[in-house]
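A lone chain, given as structure tokens: the form predicted on its own.
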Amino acid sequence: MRLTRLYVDGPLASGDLLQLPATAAAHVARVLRARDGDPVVLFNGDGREYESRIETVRGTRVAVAIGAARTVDRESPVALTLMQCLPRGDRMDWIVQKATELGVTRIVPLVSRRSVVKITAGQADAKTAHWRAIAVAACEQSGRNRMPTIDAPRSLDEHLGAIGSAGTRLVFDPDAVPYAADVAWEHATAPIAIDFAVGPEGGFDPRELDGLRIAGFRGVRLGPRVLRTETAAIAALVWLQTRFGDLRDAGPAGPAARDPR
């Protein structure tokens, strides 16, 4: 039987008795219908997980006995930052969920000149908290013990003005040359960090592409077809993880042999 995994926003110590927060407790009691003695795994984002058990379930109050800690590393050897222009509807929720499952390190939600979605300063905090909750649920499901960073939305120009100078940078553009499969990398081994930018519906405008290139981003095509923004984000992440990350086959040329950490 698959163990229930729960994220706890706070310190965890083996041997302690923890009262689960109200939302998590209600989920465990009402949705999962957990009982006294059921096993559960707790994690708080520090890279460890705690093999624990439910001590008591009383209505929607749930107490958990925290068990032994163990360090389990399920993170990519490459730090992957997705710079995602905000799509319409709830597509950003889907992108955050799938990118978290695929091992993204950081997501930077962006507003560009062709973005249909505009977020006010008053909405930014609520949106960011919502996306972080989606990332928490995706970590619980996928087995990750470290949370990806979800930035507050900002303009593309603002982000480029604050970006550092280290790492490999890509912008996925259907009009770029060459294709992703043909990119000649200057790295003898996998990059330690990759920032990759995905435009909104309609793509980046020419001035934005110029700004990205000035900031060191290399244009790359994801094949001969034009992809939706949410498809491009996940396709790019899968390609990067397959080429440099932990979706490659294990062995002499696999992740363990060329882990740059």
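These numbers come from a predicted model, not from an experiment. One-based numbering along the sequence shown.
Missing here is the form predicted in complex with ligand SAM; even so, the following discussion is about that form.
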Q) Which residue, R228, R53, R33, R61, has a heavy atom that falls within 4.5 Å of ligand SAM in the predicted complex? A) R228
Q) Based on heavy atom distances of at most 4.5 Å to ligand SAM in the predicted complex, which listed stretch, 64-72, 229-237, 25-33, 44-52, is the contact stretch? A) 229-237
(Q) Is it true that F172, D175 and V220, all three, sit within 4.5 Å of ligand SAM in the predicted complex, judged by heavy atoms? (A) yes
**Q.** Heavy atom of D38 within 4.5 Å of ligand SAM in the predicted complex
**A.** no
Q: Would you check, heavy atoms only and a 4.5 Å threshold, whether G202 touches ligand SAM in the predicted complex?
A: yes
